[in-house]
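Read the single chain below, which is given as structure tokens and is the form predicted on its own.
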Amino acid sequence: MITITLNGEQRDIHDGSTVDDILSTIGAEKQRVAVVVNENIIYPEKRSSLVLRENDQVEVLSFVEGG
């Protein structure tokens, strides 16, 4: 297990987890979120290959539509 910060809260995850794994864990609609890891935007095509490391800072931002 490793510890990351996800949207401001510490969270333990399995070593070897990818960004896509985290999105699945939190139930995020993968096409409707933006992901930032350590202040770097992670584009959708990189999410399945980016393995998270100890102390990574991850922000998952949802798009909100309104009128």
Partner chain sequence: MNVLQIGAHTFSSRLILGTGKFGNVQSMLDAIRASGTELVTVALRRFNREQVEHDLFTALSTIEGLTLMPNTSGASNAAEAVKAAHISRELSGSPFIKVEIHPNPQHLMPDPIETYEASRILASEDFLVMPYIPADPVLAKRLEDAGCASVMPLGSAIGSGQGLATAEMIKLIIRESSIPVIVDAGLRSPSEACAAMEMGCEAVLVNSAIAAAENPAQMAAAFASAVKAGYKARAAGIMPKSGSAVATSPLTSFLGKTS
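Positions refer to the first chain, counted from 1. These numbers were taken from a predicted model, which means no experiment stands behind them. Take the two forms, superpose them, and find the largest set of C-alpha atoms that agree within 1.5 Å; that set is the rigid core.
The following text describes the form predicted together with its partner chain, which does not appear among the structures shown.
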(message) Check for me: heavy atom within 4.5 Å of its partner chain in the model of the complex, for each of 7, 31 and 39, yes or no.
(response) yes
(request) Spell out, yes or no, whether the shortest heavy atom distance between residue 1 and its partner chain in the model of the complex is within 4.5 Å. (result) no
(request) Look up in the model of the complex whether residue 25 has a non-hydrogen atom within 4.5 angstroms of its partner chain, and give yes or no. (result) yes
(request) With heavy atoms only and a cut-off of 4.5 Å, decide whether residue 20 touches its partner chain in the model of the complex. (result) no
(message) Can you tell me whether residue 59 touches its partner chain? I mean in the model of the complex, with a 4.5 angstroms heavy atom cut-off.
(response) yes
(request) Please say whether, between the shown form and the other one, the C-alpha of residue 29 moves by 2 Å or more once the core is aligned. (result) yes
(message) Distance change of 3 Å or more between the C-alpha atoms of residue 46 and residue 30 in the model of the complex: closer or farther compared with this structure?
(response) farther
(request) Relative to what we see here, could you say if residue 17 and residue 29 have their Cα atoms closer or farther apart in the model of the complex, with a change of 3 Å or more? (result) closer
